[in-house]
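Next up: a single chain in structure tokens, the form predicted on its own.
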């Protein structure tokens, strides 16, 4: 049946308009509303908001905690990208190339943390890091390394690195499945040809597997960066609340503290604008650095 141009346009409008409305309500409106309130001094509870112009932005550049939160955020970005990508790639290759009989079971095991709430993960790892009863200190004592035990989340030196392990643990499963999907689509003939040419398994990984799953790797890295810069405040808020002595504050947790604890919603909105700008800049830089010619099967 041949559709008229009017019918086609009506069908497209029927599909796109509801999506655009949801996007406008839940994305564009909060975005522009946050930008608007960044020029005001507002408690969030009062009906009165005092216009202060660029005062909040001046305060942002003079706030000594802001540079620390940015460093903490990018520390988590770097460590999560390295940790998640190395482990998820290793497990993806192992479960697809080594013909492990229990592969379906291991897929479920690795993906299980992804269906858990971040709050639940944070509470779970708080018990694991507990100085007296936690598995980490108990394990160190069991193998005779009592000198290595410490209050992991109560130490200014170790609190931030301690957040990396639960963050990596929670993220491996999703990206492992993404990479497994890419590896499964690679034709076996490529590996057979490489093996005939004398390539070792390690060379096959570098010359065949890695280039052909590069689109999945790139998407995974960008996704980790975006979710870390915009969502790492949840696990920080649950496990440390930015302490001790602001040693684990990230931009999102500092925004939460300013807006919902100290009721400086105008300044909190300014921090939100900063997060948006840094996220966009970081993603654009990474897309430029990771660009490469498309490899076809």
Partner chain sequence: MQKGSFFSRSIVRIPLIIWSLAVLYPIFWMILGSFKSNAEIYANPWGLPDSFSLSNFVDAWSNYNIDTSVFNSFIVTGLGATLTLAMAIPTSYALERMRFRGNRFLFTLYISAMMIPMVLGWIPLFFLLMQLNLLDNIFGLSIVYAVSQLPFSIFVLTSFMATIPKSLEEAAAIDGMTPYGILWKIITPLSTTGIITVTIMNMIQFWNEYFMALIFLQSEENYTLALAIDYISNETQYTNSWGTLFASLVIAIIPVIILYAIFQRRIVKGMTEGAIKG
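Positions refer to the first chain, counted from 1. Nothing here was measured: the structure is a model prediction, and the numbers come from that model. In this text, the rigid core denotes the largest set of C-alpha atoms whose superposition between the two forms falls within 1.5 Å.
The same protein also exists as the form predicted together with its partner chain; that form is not shown, yet it is the one meant from here on.
At a distance threshold of 4.5 angstroms between non-hydrogen atoms, residue 246 is out of contact with its partner chain in the predicted bound form. Proximity of residue 108 to its partner chain in the predicted bound form falls within the 4.5 Å heavy atom cutoff. Although the partner is absent here, residue 289 lies well away from its partner chain in the predicted bound form, with no heavy atom inside 4.5 Å. Although the partner is absent here, residue 210 is not a contact residue: none of its heavy atoms lies within 4.5 angstroms of its partner chain in the predicted bound form. Shown here without its partner, the chain carries 34, 87 and 138, all of which come within 4.5 Å of its partner chain in the predicted bound form through at least one heavy atom. Proximity to its partner chain in the predicted bound form, taken as a non-hydrogen atom within 4.5 angstroms, holds for one residue of 71, 82, 145, 119, which is 119.
Within 4.5 angstroms of its partner chain in the predicted bound form, the stretch 220-258 places a non-hydrogen atom from each of 223, 226, 230, 233, 234, 237, 238, 241, 255, 256, taken in sequence order. Core-superposed comparison between this form and the one not shown: the Cα of residue 280 travels less than 2 Å. After superposition on the rigid core, the Cα of residue 26 moves by 2 Å or more between this form and the one not shown.
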